[in-house]
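Presented below, as structure tokens, is a lone chain in the form predicted on its own.
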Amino acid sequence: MPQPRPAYEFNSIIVRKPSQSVVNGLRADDRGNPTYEGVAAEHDAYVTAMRDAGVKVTVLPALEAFPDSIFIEDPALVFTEGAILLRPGAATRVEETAEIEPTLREMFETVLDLPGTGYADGGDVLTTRESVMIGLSARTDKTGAQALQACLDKFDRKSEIVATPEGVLHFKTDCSLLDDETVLSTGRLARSGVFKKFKQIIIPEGEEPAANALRVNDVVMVGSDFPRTIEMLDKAGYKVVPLKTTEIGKIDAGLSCMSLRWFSDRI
């Protein structure tokens, strides 16, 4: 029986260009507005890094009516088996799902709608080879998480509902997958015990935002503002690609939020 594909192996992604309105994006901690030019430059570097990592990139146009729409991972999930349309937990982002839907229906044979009335953000979903972990947060409630589990069941994917630390925006704000056996995690999330089945590499104190790294094929993309984390991963044998996240960090975002990633059998 063939081994399952690694959860970090991708050949296709979708990104969305930042809008001029991105400077007004949501944020829990106001550290000032990002500049559009800064966000656009960080996004361009991200797309280049993705292409260098060996993926085909589909770039969607900016949506001026939705400042946070650059963070395309939140209104949908994608897998080799198909896509799931989510219901974002922030009221200003709910209609982003309808904007991404036509693209997903064109690119995937199977597209599922999140049933019921709950809400779920893609930023709360960590896909590992063993299961899909769904973190409860201010943006993903239990009803939405259970509805998402019902959709994942249709793809024959195991799932589990876990807790996100209090005050943390998304589950993946505090963690990322480094390989099929290893996660990168903040100390506060690791202490919760959610990763007891994994090897854990803990973020150095003071660099917690670096936890939202992104493994794509042979490389691990990490925010360039976090030198101790970069050094730690480099010493652990990972091929690290530092990417600037200074501007998008001002609107509570990191690397995973800016793309929908999957392995397409159609290529």
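All values reported here derive from a predicted model rather than from experimental measurement. Start at 1 with the first residue shown and count on from there.
We do not show the form predicted together with a small molecule, though everything after this point is about it.
S.K.: Does at least one non-hydrogen atom of Val59 fall within 4.5 angstroms of the small molecule in the predicted bound form?
M.R.: Judged by the heavy-atom cut-off of 4.5 Å, Val59 is well away from the small molecule in the predicted bound form.
S.K.: Consider Glu9 of the chain shown here, and say whether it contacts the small molecule in the predicted bound form, taking contact as heavy atoms within 4.5 Å.
M.R.: Result no; Glu9 lies far from the small molecule in the predicted bound form.
S.K.: I'd like to know if Arg87 sits close to the small molecule in the predicted bound form, meaning any non-hydrogen atom pair within 4.5 angstroms.
M.R.: Flag for Arg87 set to no.
S.K.: Going by a heavy atom distance of 4.5 Å, is Gly123 a contact of the small molecule in the predicted bound form?
M.R.: It does: once the small molecule is placed as it appears in the predicted bound form, Gly123 has a heavy atom within 4.5 Å of it.
S.K.: Considering the small molecule in the predicted bound form, find the one stretch among 78 to 86, 189 to 197, 101 to 109, 168 to 176 with heavy atoms no farther than 4.5 Å from it.
M.R.: Of the options given, it is 168 to 176.
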